[in-house]
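Here we start with a single chain on its own, the form predicted alone, put down as structure tokens.
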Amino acid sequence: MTPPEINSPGYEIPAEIRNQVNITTLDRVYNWSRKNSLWPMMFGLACCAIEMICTAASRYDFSRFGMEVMRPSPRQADVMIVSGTVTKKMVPQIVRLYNQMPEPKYVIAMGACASGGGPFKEGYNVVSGIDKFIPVDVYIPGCPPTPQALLNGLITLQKKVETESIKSARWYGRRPIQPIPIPVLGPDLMDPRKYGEIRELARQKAEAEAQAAAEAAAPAGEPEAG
């Protein structure tokens, strides 16, 4: 039996031929097949990954939504679930994996840490949200979120897929999609997209320090006569 979401509204099909005839659009068929065959990538970062594993196990079983194929290779996955604390050391690897995923691809920020830093937000080695480096489609609150919350986030992603159109999809545009520059981990995490801003701040700081040193080295003026 054809799922009801395949049929286009506004076209009444006689009852005697509803099992043989369907009126639909290419977008509906395309999005229906995609939303029921999302393949998450098999990787986790911290405690949220335990909840993700529970969601994939027999009690909650997200294979009911066509998501049971968790791929160990980013080239065979189209959903990245960022599950756990995102440290600065891990960001270059996450961005690299995201670039290796084929379009169309989606990102779910699972938990408070992936969404905004969580309880480690003020930490020197933690990024305050993965959305500072890669685009996020669905945010799931919680520390950690329950398997039910992750299922709700995956269903929300399915609803987003349903609204997309081949005509306006970014991955079918005329301009090729450029990969996101991979951040560089040095004394701190540096985003290549902000190199110009970093150079300008460094130049201003160097000029201010040079001016302060020049003022300190200048001879003091002679005291005025009484």
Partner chain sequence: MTEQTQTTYTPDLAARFPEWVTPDSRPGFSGYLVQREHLLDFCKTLRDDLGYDLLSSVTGVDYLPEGKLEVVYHALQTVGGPMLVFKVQVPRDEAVVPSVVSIWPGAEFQEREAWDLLGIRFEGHPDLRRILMWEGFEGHPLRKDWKEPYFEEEVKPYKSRWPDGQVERIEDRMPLQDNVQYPAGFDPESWTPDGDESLYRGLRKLLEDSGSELKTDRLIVNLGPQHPSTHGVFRMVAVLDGETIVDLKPVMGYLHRNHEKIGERCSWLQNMPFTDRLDYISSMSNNFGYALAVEKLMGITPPERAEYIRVIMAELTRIISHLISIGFLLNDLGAFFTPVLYAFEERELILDIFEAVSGSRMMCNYFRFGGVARDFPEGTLEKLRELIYERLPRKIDELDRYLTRNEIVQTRCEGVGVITAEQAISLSTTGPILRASGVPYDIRRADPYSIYDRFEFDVAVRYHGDVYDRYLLRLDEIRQSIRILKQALKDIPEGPVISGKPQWQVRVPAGESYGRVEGPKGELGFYVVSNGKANPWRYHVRAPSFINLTALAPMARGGKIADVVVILGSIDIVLGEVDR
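Positions refer to the first chain, counted from 1. Whichever C-alpha set is largest while still superposing within 1.5 Å between the two forms counts as the rigid core. Predicted model only: the values in this text are computed from it and were never measured.
Keep in mind that the form predicted together with its partner chain is missing from the display, and what follows is about it.
Residues within 4.5 angstroms of its partner chain in the model of the complex, judged by any non-hydrogen atom, belong to 40-48 and to none of the other stretches in 40-48, 155-163, 27-35, 169-177. At the 4.5 Å threshold, heavy atoms of residue 119 reach its partner chain in the model of the complex. Its partner chain in the model of the complex comes within 4.5 Å of no heavy atom belonging to residue 65. Proximity of residue 202 to its partner chain in the model of the complex falls within the 4.5 Å heavy atom cutoff. Among heavy atoms of residue 12, none comes within 4.5 Å of its partner chain in the model of the complex. Checked against its partner chain in the model of the complex, the candidates 95, 149, 107, 126 yield a single residue with a heavy atom inside 4.5 Å, and that residue is 126.
Residues from 160-191 that approach its partner chain in the model of the complex with a non-hydrogen atom closer than or equal to 4.5 Å are 184, 185, 186, 187, 188, 189, 190, in the order they occur in the chain. Annotation for residue 199: C-alpha shift of 2 angstroms or more between the shown form and the other one, rigid core superposed.
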